[in-house]
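Shown here is one chain on its own, the form predicted alone, set out as C-alpha cells.
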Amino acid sequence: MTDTPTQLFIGGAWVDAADGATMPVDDPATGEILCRVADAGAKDAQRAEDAAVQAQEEWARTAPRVRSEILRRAYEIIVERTDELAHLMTAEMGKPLAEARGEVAYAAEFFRWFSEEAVRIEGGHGVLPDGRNRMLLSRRPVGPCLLITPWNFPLAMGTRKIGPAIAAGCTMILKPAPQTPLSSLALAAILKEAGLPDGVLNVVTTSRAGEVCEPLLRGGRIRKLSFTGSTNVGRLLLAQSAEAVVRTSMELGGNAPFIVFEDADLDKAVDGAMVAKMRNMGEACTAANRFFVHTSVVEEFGRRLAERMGALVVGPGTRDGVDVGPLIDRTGRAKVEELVADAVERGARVLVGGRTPEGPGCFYPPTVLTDVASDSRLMDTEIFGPVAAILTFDDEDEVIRRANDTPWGLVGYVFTEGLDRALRVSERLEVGMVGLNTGLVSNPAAPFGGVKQSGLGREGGRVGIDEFLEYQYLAVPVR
C-alpha cells in the first residue's frame, strides 16, 4: 500500500485536494481503514477540466501509432504487475485473489485491443449521387471526456473506457467510485510511466460526486460522458448532460434471466450458473438474477446448484482457498439480506445459505432459493449478491414473456441443446447480449451493452472506439 498513490492526478502531477480534504478507503473483509486518499471538490474538478481541455488539441494531432504504442506499453506493464495490482484490488473491494488476477488480465486486454484499433480509424471517399461533389469522410476525436467507473471491477472498467479514449485521441477526466479509488490511481501511474502526455488523463477521487461532476457536464467544455453504474444515477447524469448536449454512453443496471429448458445439458447449465451468478460474488451487472427452470428439471437443477454453491469457501480474499469474498460494504449486504427475507416471507424455500455470518466484514453466504414467488422484490431488483432465485416454467412463450417483463435488457442466458430453439429464443429476448450454453459473455473483442434501461451505446469490440469519435464530412466540387 505504501507505493500506491493517494493524491489526485491532474495535469501529469500528483496533487492534494484544493481544500486538503481526504476520504477513507475501507477493507470490506475487516471494516478497517486501509488508507486515506484525496477527496476532490469543485475546484479540483475545474483544475482537471482545464488540464484536459488544454491538452486536447495537441493530443488529437498525435499520430495513431504513437497512441497505439503507449497503450501497448501500458498493457505490458499491467501484465508484469499482475500480482501487485491483484492484491491492491482485493484489499479495496474484497474479491478473492484468483479472481482479482483474472480481472487484471481482462483489464489489460482492453489496452491491447484498443492499441490495435488506434491505427485502424478510417474515413471514406466517394462521388455524391448528383456528381457535383466528392465526399470525404474523416473521423475525429469527440473531445474532452468525463469517465465515471463503478467499484465492482475497478481496474477493468477503467481500461474499458480509457483505452478507446486514448486510441481515438481524446483527453479525459476519470472519476472512480469512492469505495475503490486505488486501482484507478495505480492505473494513472502506469499510463504516465508508459509515456502518456501530461493532461491527457486526469483522475479525481471524490466522495462529492455531485459537486465534481455536475458542473463539468453543464459547463460545455466536456463533450463526452461515459458512465457505468446504476440506472437511477444514469438517468440523473443524462438530465445533467442535456443542457450542454453532451454525447453520452451508458452501461447501466441489469436483471438477467437465466433460462434452463427441459432439453438442456444440466452439467453445462450448472457450470454456467456458477459463472453467471458467482462471478465477483454476484456483484456484476451481468449476474444472473432470475433463474427460470423448466418444471421437469427444476428439482435436479436446484439440488446440483445448491451443492455447488454450498461447497464454496467464504472468507477474506487474501486467504488461500477462498472462493467468495465479502460484499463491498454493509449497505450492499443489508440490501441482499432484505431481498432474501422478503422472498422467504412470500414462500421461497432456502436450499442453501440465507444466513448472515457473525463477525467482522461484509460477508454473505452463497444462497439458493427455490419456489420463489413472482412478486418477490428480488424479481425486479438487481440483487448484486451471491443469491440465485429459482422460478419454474412450462411453456416457451411464457418464459420469454416473463424474461422480457423488466425495464432492463443487458444480458440473458439460454441453456438448450436444440439449435432452432436456441436461435429462436435468443432473437426474442430483449437484451443486448446472450450467453448461449455459457455463463460468461464479457470479452474485450465483443461489443458490451444493453437495451431499454440497461444503457446506451457499446463498449469493447470494433465499435467501442466509435463512442469517442465524430464524423466530419467534407464536400469537394468535381471539376
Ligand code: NAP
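From 1 onward, residues are counted along the sequence shown. If you're wondering where the values come from, they're calculated on a predicted model, not measured in any experiment.
Just so it is clear, the following notes concern the form predicted together with the named molecule, a form of the same protein that is not shown.
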property: Segment that reaches the named molecule in the model of the complex - one of 252-260, 127-135, 393-401, 351-359, heavy atoms within 4.5 Å; result: 252-260
property: is_contact(Gly210, the named molecule) in the model of the complex, heavy atom dist at most 4.5 Å; result: yes
property: Leu182, heavy atom within 4.5 angstroms of the named molecule in the model of the complex; result: no
property: Non-hydrogen atom contact Asn152 with the named molecule in the model of the complex at 4.5 angstroms; result: yes
property: Contact of Ser376 with the named molecule in the model of the complex (heavy atom, 4.5 Å); result: no
property: Candidate spot Phe9, Trp59 and Ile162, all three touching the named molecule in the model of the complex (heavy atom, 4.5 Å); result: no
property: Partner-contacting position among Pro178, Gly219, Pro365, Pro197 - heavy atom within 4.5 Å of the named molecule in the model of the complex; result: Pro178
property: Contact residue in the model of the complex, from Ser115, Thr248, Thr406, Thr228 (heavy atom within 4.5 Å of the named molecule); result: Thr228
property: The named molecule in the model of the complex - contacting residues of 354-387, heavy atom within 4.5 Å; result: Glu382, Phe384
